[in-house]
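Shown here is one chain on its own, the form predicted on its own, set out as structure tokens.
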Amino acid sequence: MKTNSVERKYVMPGDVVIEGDHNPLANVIKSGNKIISTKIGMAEISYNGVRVMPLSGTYIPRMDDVVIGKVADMNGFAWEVDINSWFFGILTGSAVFGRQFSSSRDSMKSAFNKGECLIAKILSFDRTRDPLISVSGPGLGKIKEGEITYITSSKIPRVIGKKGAMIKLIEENTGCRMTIGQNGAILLKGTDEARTKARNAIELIGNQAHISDLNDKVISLISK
């Protein structure tokens, strides 16, 4: 799995990410035997090269965040989940099957297969390795219906609104039920028309989150 072969660290423009014979991939330059960052962000050093993922607009996991992700990879002991971040969420077999988990006895595919989506909670994270996630708890687990849409994670508070006012407004006026992931992924459940209206409202919020009359704009859009 990817987590076994990747080293990450924060860098600034001009920082030497690493020295040696490495392939520069993105947001880095090679000077002599040095790989130098051109952005503020997270440097990722892997077997196939070095890249820097810019800081702005990227979801950074926090403990207890609810996230929505897709299983990207798996082995006999854990699933690697794309959570729309620099990091992959790691869901261990023991977190799903319990302490008596056995890779030889328990079928990983019986719980989650590659390409399947799930709702999870960030269990632990220290910024130096991929976070551990959990699917134990109300509302967590495999997603069996609905569609997922995305918005920049920093704008999730605007989708929720003060004391949940915006999400309530959208749900009541569209009939679409929404599950919000702090990573910018939002699960929509409802009819095709309801999901379309909710998706349009989310897109509007993403483009105009800064305006003062956002509620009026959203109401006008979804009332058509």
Partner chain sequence: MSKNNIERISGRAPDELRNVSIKAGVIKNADGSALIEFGKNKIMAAVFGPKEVHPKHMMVSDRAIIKCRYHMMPFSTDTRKRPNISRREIEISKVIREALQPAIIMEDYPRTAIEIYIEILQSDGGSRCAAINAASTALADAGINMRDLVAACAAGKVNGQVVLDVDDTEDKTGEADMPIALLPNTGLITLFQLDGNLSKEEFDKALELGKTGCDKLYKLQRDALSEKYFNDKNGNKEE
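For the two forms, the rigid core is made up of the largest set of C-alpha atoms that agree within 1.5 Å on superposition. Numbering follows the first chain given and starts at 1. Everything numeric in this text was worked out from a predicted model, so none of it was measured.
Just so you know, the form predicted together with its partner chain exists too; it's not on screen, but the next bit is about it.
Among Met63, Ile160, Leu169, Leu55, the residue placing a heavy atom within 4.5 Å of its partner chain in the predicted complex is Leu55. Distance criterion of 4.5 Å from any heavy atom to its partner chain in the predicted complex singles out Asn27 from the list Asn27, Thr179, Gln182, Asn173. Under a 4.5 angstroms non-hydrogen atom cutoff, its partner chain in the predicted complex has Gly14 among its neighbouring residues.
Although the partner is absent from this view, Thr128 contacts its partner chain in the predicted complex, with a non-hydrogen atom inside 4.5 angstroms. Contact annotation: Leu187 falls outside 4.5 Å of its partner chain in the predicted complex, judged by heavy atom distances. Proximity of Lys39 to its partner chain in the predicted complex: non-hydrogen atoms within 4.5 Å are present. Relative to the superposed rigid core, the position of the CA of Ala26 differs between the shown form and the other one by 2 Å or more. Taking the rigid core as fixed, one finds a CA shift for Gly206 smaller than 2 Å between the shown form and the other one. The Cα-Cα distance between Phe88 and Leu25 is lengthened by 3 Å or more in the predicted complex relative to the form shown here.
The gap between the Cα atoms of Pro157 and Ala43 is smaller in the predicted complex, by no less than 3 Å, than in this form.
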